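There is one chain below, alone, in structure tokens, taken in the form predicted on its own.
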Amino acid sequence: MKSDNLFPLLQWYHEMGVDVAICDEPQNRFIVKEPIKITPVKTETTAMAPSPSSSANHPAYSCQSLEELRQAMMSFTGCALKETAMNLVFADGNPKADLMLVGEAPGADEDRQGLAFVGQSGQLLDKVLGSIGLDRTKVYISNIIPWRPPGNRPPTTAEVAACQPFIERHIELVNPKILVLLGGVAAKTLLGTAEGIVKLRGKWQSYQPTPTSPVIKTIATFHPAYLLRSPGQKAMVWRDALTIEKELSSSR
């Protein structure tokens, strides 16, 4: 073929998606060749050790105090989020309070300060709590995930599963009279349901961290971050706050 005819042909190949030459000579791919016989190699099967984040071996269950739990989380290697986060966000507030709130995961401000709910969501949460006479000295706040997911993305199912024993033990050690679950991730994780937050919110539920621990009266409501995006839902959270205030008063 003359060289002046090659360029249109190459251009046509490029437009068809052919951009790599595999062989120097063309091959007939329709010729049936005898298949290559491969002898399987026997390998010895080794049972894998249980993951440190598996329910039976999770380090959270051996913790007898909040400080031990914090140290266990600091040394935990079963969640990759730890490698990308700046700080462990353990909690904020008063661990002896009657009311404990659990959210989803830290944001950028929480990651920088190492405290739960200190960004815009936290400021809105403070206003909600203030409307029923509460502040950070009268509540205790934590999250399902203690490390910020990159870009504030939602945590994966695997990340939630790895961290869930920590928050379950956290709740058990604090043993609040009332537990408030902020948002769908927290509600679905701890209540063990697939129902969305719209159906779950505003209804009293029972939560028991372990079969031997006390049953805790629990209610779910919208996450403050959701209210920042959908301010029209604030009225529902206001009603939930009044419900919580009434229950707190009757439990004292």
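Bear in mind the structure is a predicted one, so any value in this text is a computation, not a measurement. When you see a residue number, it is the position in the sequence shown, counting from 1.
Below: the form predicted together with a small molecule, not depicted.
Among G107, P165, G78, P155, the residue placing a heavy atom within 4.5 Å of the small molecule in the model of the complex is G107. Looking at 173-181, 155-163, 127-135, 97-105, the stretch with residues near the small molecule in the model of the complex, meaning non-hydrogen atoms within 4.5 angstroms, turns out to be 97-105.
Within this chain, H58 is remote from the site of the small molecule in the model of the complex, having no heavy atom within 4.5 Å.
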